[in-house]
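First, one chain by itself: the form predicted on its own, in structure tokens.
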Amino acid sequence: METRPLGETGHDSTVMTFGAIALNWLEQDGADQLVELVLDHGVNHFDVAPTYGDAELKLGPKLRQHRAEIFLGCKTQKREYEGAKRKLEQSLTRLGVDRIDLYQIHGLEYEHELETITGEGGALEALREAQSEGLVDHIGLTSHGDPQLILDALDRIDDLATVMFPLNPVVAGKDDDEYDYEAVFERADELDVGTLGIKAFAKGPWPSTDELPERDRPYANWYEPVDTPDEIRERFDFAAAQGLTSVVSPGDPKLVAMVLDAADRYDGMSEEAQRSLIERLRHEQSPVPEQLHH
């Protein structure tokens, strides 16, 4: 599988990152088998978070067995020093490792959160302290929110190694600034910050629960995913062709094998094919929830 430099980290990540939230929906045996399948395909970048149910615990056994093969990303939704420090300690214990390669501020949505994170007693202090103690190698940021907020974070946090944000043909076709994740990508590229793309496989938001109750939804994603091999490959090719370092797999384990196949076969996507896909989908409803835009 193709690898690309992850910004200035010195690590070359596979063009597919395994979204380990998928392990939350499996029993331990199934989780072990899925991790082995992903590793057999050469994927070397995993991403997990304490908010993904018991995914950290289920990842732990195979992570420890294959630690040298896996670049491990984890996250915290805590915004202040004490909370971020405790969450990091908890994740290290649950994963059973003594170091996390990439520890990310998770799900930045509001300007006041950024103020807290970067201020005195903020989470950034805890992350930098952990970095100096060798518990964390690199610091990153994830957000589904306003692209301008992510740009602000890139300007204010000069040691960010990576950013994770939505990038797919539906949002690429929107003209409004609130969907301008391309600007985030360009700024990150200028700063040599690694870029991790999420929502690449999003078809759109789920119908309302009145129309389709959560119990009847066929996939454990908070958005409705595309789900045929051709659609998965088309979406993967589009996201990878934008120049992202790596494309994160969707949350439902039933989709992972198709994404692995697409990543194995990735060989670029012509600009004409990219433009055609954007034109076909630009009027679809954005899979990035409006409530995350401010």
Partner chain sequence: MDVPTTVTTALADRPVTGRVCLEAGAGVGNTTAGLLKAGASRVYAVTDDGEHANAVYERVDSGDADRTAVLKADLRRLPLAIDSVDLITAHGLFNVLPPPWLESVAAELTRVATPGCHLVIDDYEPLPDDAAVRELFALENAATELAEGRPALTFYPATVLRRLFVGYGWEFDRQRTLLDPVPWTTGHIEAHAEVAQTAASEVSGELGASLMTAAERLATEIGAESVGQMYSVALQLPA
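Residue numbers count along the first chain shown, from 1. Predicted model only: the values in this text are computed from it and were never measured.
A second form of this protein, the form predicted together with its partner chain, is not displayed here; the remarks below concern that form.
Peer 1: Is G173 close enough to its partner chain in the predicted complex to count, meaning some heavy atom within 4.5 Å?
Peer 2: Close contact exists here: in the predicted complex, G173 approaches its partner chain to within 4.5 Å, heavy atoms only.
Peer 1: According to a 4.5 angstroms non-hydrogen atom cut-off, is S276 in contact with its partner chain in the predicted complex?
Peer 2: S276: contacts its partner chain in the predicted complex.
Peer 1: Please pick out the stretch from 265-273, 23-31, 48-56, 241-249 that is in contact with its partner chain in the predicted complex, where contact means heavy atoms within 4.5 Å.
Peer 2: This holds for exactly one stretch, 265-273.
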